[in-house]
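Take a look at this one chain, the form predicted alone, written out in structure tokens.
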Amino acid sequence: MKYAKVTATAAAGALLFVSTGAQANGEKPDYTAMTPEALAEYLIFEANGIKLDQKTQEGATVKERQMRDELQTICSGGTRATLAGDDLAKVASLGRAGIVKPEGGVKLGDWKKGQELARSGFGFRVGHNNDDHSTREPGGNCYACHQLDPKEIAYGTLGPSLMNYGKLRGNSQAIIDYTYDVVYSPHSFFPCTHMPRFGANGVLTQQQIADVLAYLIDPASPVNQ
């Protein structure tokens, strides 16, 4: 059974949920002897540190969310700098296969709604205080990794700056289509990227992606001022 790659951060998060876990049967595992990855997998999948049968907003369960697909399995073996060219080509192919275009072609949506989505980190969180999508739409949390609006003071740097995205690239249909593909399934252009597959994994709808595209490309958007 192959799970999504876990880290020391995941292990630390899992510890917050463990109250009885494996110690319920009298066992006292030596956490200090485990690697961070082994500890995380133990706490999550064996010690009942997280409710694996909890339903997620995308219609699966927490356990199913942890399962690696073929693309993730390849990327868990290394990074773009260490994986073989054939592996990266396979990842790109799998990324492209996951793209679904809107009927009638890709069009820009409402940049103001896209701005809200880019700023919002709400959605798809599970645990004891999971998100309720019936009251609020999930966001893209774009500012966690990218600079966009030049007046925004808080943003991450894991991804490249997208400030003046449309101003620098224009708003041709080719740019709109390319940007849609990157947001929908970024591995199609950047194999083993850290960027989520917003469309392919159902994090954002096609309309929400269109709104994010407008925020990036529309000349009236603050991103391009």
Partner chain sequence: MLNKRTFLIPLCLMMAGASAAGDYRPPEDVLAELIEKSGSLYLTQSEQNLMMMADNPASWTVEEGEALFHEPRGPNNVSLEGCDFGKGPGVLDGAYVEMPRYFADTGRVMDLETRLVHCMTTLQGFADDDPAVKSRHGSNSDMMRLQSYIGSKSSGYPWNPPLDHPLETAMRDAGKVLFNRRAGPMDFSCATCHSESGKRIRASVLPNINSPEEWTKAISWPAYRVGHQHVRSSQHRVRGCYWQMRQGQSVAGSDASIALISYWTDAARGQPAILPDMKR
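Each form is matched to the other, and the largest set of C-alpha atoms that superpose within 1.5 Å is called the rigid core. Remember, predicted model here, so these are calculated numbers, not experimental data. Residue numbers count along the first chain shown, from 1.
Unshown form predicted in complex with its partner chain; subsequent notes refer to it.
J.: Of 137, 87, 152, 110, which one comes within 4.5 Å of its partner chain in the predicted bound form, counting heavy atoms only?
T.: In short, 152.
J.: Between 176, 40, 162, 183, only one gets a heavy atom within 4.5 angstroms of its partner chain in the predicted bound form; which residue is that?
T.: Checking each option against its partner chain in the predicted bound form, the one that comes within 4.5 Å is 40.
J.: Is its partner chain in the predicted bound form near all of 68, 193 and 203, within 4.5 Å of a heavy atom of each?
T.: Affirmative, all three are within 4.5 Å.
J.: Using heavy atoms and a 4.5 Å limit, would one call residue 54 a contact residue for its partner chain in the predicted bound form?
T.: Heavy-atom contact with its partner chain at 4.5 Å: present for residue 54.
J.: Answer yes if any heavy atom of residue 94 is within 4.5 Å of a heavy atom of its partner chain in the predicted bound form; otherwise answer no.
T.: Close contact is absent here: in the predicted bound form, residue 94 is far from its partner chain, nothing within 4.5 Å, heavy atoms only.
J.: Answer for residue 157 alone: is it within 4.5 Å of its partner chain in the predicted bound form, judged on heavy atom distances?
T.: Although its partner chain is absent here, residue 157 would touch it in the predicted bound form, with heavy atoms inside 4.5 Å.
J.: Using a 4.5 Å heavy atom cut-off, state whether residue 106 contacts its partner chain in the predicted bound form.
T.: Taking the distances in the predicted bound form, the answer for residue 106 is no, it never comes within 4.5 Å of its partner chain.
J.: At a 2 Å cut-off on C-alpha positions, does residue 37 qualify as shifted between this form and the one not shown after fitting the rigid core?
T.: After core superposition, the displacement of the residue 37 C-alpha between this form and the one not shown reaches the 2 Å mark, so yes.
J.: Against the shown form, C-alpha atoms of residue 36 and residue 122 in the predicted bound form: closer or farther, for a change of 3 Å or more?
T.: Compared with this form, residue 36 and residue 122 lie farther apart in the predicted bound form.
J.: Where do residue 40 and residue 121 end up in the predicted bound form, Cα atoms closer or farther than shown, with a change of 3 Å or more?
T.: Note: Cα gap between residue 40 and residue 121 widens in the predicted bound form.
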